[in-house]
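Presented as structure tokens, the chain that follows is alone, the form predicted alone.
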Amino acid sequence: MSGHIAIAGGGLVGSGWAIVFARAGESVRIYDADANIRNGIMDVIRGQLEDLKDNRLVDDVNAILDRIQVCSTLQYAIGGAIYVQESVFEQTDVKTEISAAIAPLLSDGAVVGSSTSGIPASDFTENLTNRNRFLVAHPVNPPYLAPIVEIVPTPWTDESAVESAMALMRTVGQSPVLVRREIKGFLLNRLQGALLREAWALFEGGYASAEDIDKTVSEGLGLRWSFMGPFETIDLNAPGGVKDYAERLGPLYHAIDASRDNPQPWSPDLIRAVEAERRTVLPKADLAKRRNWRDRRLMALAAHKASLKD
């Protein structure tokens, strides 16, 4: 593939994207406005790659690092890029500012994908002259371990830009899904939000501890969800498939839905209660250590799934 991949924003998501593209053989230029992030990003990436190597998910750490260049200016990072992955702070005004800075630097035909987790790209690209080249490419963090990417065009995104982004993601080993039209939160966070809403409500109602609610997912639902989605799950959970399942359990789920007909924001008292329980289980000082543990577990799962032939 001629040209390079540019990444604007070098935090956790941006550095993860750098691994995705460089691991697949692409040349990557990455820029962040924060000099401290620019100075430390290669050490962060090296550490992530070493963990991947320990789990036999990459072979040559140095070869991958050699394909990543940290840039001191946005202009140099973007100039000549065939694709730009914008991964700056999740705030509309920040996204608007970086998109306006990227737009005049784009080569003809280049596509810009935003890592935004829920803000439609139309909210921050409307006034760009080349807005037809912008869309959302939302990953799961870290993207080098969770391959799903939500591709969400704006009403004015060119079909060719959508096709280009989908093709690139497949080429670099990701698993793109097309969200056909904009909706706040896209697919992933709307699905996650539905589960979170019920988790918060069950905790607030005193039905179970946060730990037991988590365990219900990690040692129950999540085991199936690691290799199949909700529709396939219910298709296999009734003798006659989806229709049979809906006839058997549809009324139960409707009753559950009806019991949650007045959604409320997570209250400060509720957040404090969950925070207090979580901090007794995991002190704040140990959060980074536990994140590393999570990533190693994801690496082991990724290695296992890669070994399966069916």
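All values reported here derive from a predicted model rather than from experimental measurement. Rigid core here is just the name for the largest C-alpha set that superposes within 1.5 Å across the two forms. Each residue number is its position in the shown sequence, starting from 1.
Just so you know, the form predicted together with another copy of the chain exists too; it's not on screen, but the next bit is about it.
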Any idea which of 170-178, 128-136, 75-83, 100-108 reaches within 4.5 Å of another copy of the chain in the predicted complex, heavy atoms considered? 170-178
The unique member of 93, 163, 123, 232 whose heavy atoms fall within 4.5 Å of another copy of the chain in the predicted complex: 232
Give a yes/no on whether residue 219 approaches another copy of the chain to within 4.5 Å in the predicted complex, heavy atoms considered. yes
Using a 4.5 Å heavy atom cut-off, state whether residue 63 contacts another copy of the chain in the predicted complex. no
Using a 4.5 Å heavy atom cut-off, state whether residue 35 contacts another copy of the chain in the predicted complex. no
Are any of the heavy atoms in residue 47 no more than 4.5 Å from a heavy atom of another copy of the chain in the predicted complex? no
Listed by sequence position, which residues of 190-226 have a non-hydrogen atom within 4.5 angstroms of another copy of the chain in the predicted complex? 190, 191, 192, 193, 194, 195, 196, 197, 198, 199, 200, 202, 203, 205, 206, 207, 208, 209, 210, 212, 213, 214, 215, 216, 217, 218, 219, 220, 221, 222, 223, 224, 225, 226
Inspect the rigid-core superposition and answer whether the C-alpha of residue 284 shifts by 2 angstroms or more between the shown form and the other one. yes
